[in-house]
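Take a look at this one chain, the form predicted alone, written out in structure tokens.
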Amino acid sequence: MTCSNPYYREMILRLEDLKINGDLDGITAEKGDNLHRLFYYPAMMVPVIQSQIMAIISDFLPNPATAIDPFMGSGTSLMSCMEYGLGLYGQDINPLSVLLVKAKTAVLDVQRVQSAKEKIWFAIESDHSESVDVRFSGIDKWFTRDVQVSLSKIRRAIISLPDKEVRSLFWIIMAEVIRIDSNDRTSTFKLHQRQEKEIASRCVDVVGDFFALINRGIIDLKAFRNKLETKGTLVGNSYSAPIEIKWGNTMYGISSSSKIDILVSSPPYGDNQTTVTYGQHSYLPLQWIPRSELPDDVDYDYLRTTQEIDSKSLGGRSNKRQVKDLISSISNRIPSLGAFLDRVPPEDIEKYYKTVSFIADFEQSLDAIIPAMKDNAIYVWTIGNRFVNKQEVPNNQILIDLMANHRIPLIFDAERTILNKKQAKRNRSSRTMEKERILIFQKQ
């Protein structure tokens, strides 16, 4: 990893110092930082890590500069970029992700939110209807009747607000209430119903939880606004640079109209049906959020099944015949993948078809991302190696090979330990989530 440009050599030296003396493990991370508590999205990144990296790299970017996260999820990377005044372009295939990131990056005026909260309170207090406004297959499995009635009151109250940006914030808070007050276990990302005995004994206060989460959200919003004001990137009530948050399938393109200076992202580490099920996790909240509040260009029925979003994501669908035919060519293009598959006994090779399918989809995504970037753009990827059939898939080296195929070399490599293993262990993926690598690339 070398760099001939003295200007960028300084950047690498500062990154190397961060690796030694910084906090890439996220020991100093605050749980409430950057509005993350609005909705517990799967596999959220740690803001302090991205912020430390951006504190260095932002000094070496043009002014103005734009950052992209083509797999934006909960928006952690983009919000870290906001501290440094970068323009933002975010994209995700999950409609709930789009709503979530729009709500976060709007950086709403606190008084505006307080005023809307009072209107919602009055609307709910005045609503004596026992009707349920949403019907879908399985609603009685996932929600008790009392919870359905309370959620319907909240839903009607939010719909009554004229301000769409504020509505987006409250839809996300409602999504978190759905997560904690439904009959779904909160211990995994996949949908699993609680035991009937547990459901019968639970006592939940849906409306109380909703307003408690609003109050917590206002505290976090104030903190984030104060951070941006301190950094000088909040002008009045508006962020100082352009923001584009869009729905999109990154495998088929990036919709930004201008070339982008830096990518800061963490791609899914494996197909979304067998690793982290972002779509399943979003399925119940999306049943309650009106279609009109979500992106109007989503080109598939994201509520057709509980796995619909995940099946559209990287590696979500794998045709055995197609994957079998693909293995030889993709192994030649990606030497580290070829070496890995060479070690797999022939009788076990089908167990890795989903892995190959995921990598092929990620390769296709890179083919769409890189043309949207400037020639000397910086790529900051956070990626981890997953275990499939007890074998470690070298995702980090595969990414290095893929970037090399585009003649974009690795300039920095750091390993970090993931400190909070609770959720990963419950999802039976703890071996895959103990370490991550931060890989930075740039063409000189």
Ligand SMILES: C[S@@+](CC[C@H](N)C(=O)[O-])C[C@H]1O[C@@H](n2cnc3c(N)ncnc32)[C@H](O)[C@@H]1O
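Computed from a predicted structure; not experimentally measured. We number the residues from 1 along the sequence you see.
Another form exists, predicted in complex with the named molecule; not displayed. Remarks below refer to it.
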item: Listed residue (Val356, Leu221, Leu314, Met174) with a non-hydrogen atom within 4.5 angstroms of the named molecule in the predicted bound form; value: Leu314
item: Contact assignment for the named molecule in the predicted bound form, among Phe170, Phe71, Phe340, Tyr352, heavy atom within 4.5 Å; value: Phe71
item: Interface membership of Ser265, the named molecule in the predicted bound form, 4.5 Å heavy atom rule; value: yes
item: 4.5 Å heavy atom contact, Ser256 and the named molecule in the predicted bound form; value: no
item: Interface membership of Leu99, the named molecule in the predicted bound form, 4.5 Å heavy atom rule; value: no
item: Non-hydrogen atom contact Phe412 with the named molecule in the predicted bound form at 4.5 angstroms; value: no
item: Joint contact, Tyr41, Ser77 and Thr250 to the named molecule in the predicted bound form, by non-hydrogen atom at 4.5 Å; value: yes
item: Interface segment, criterion being heavy atoms within 4.5 Å of the named molecule in the predicted bound form, picked from 329-337, 178-186, 156-164, 86-94; value: 86-94
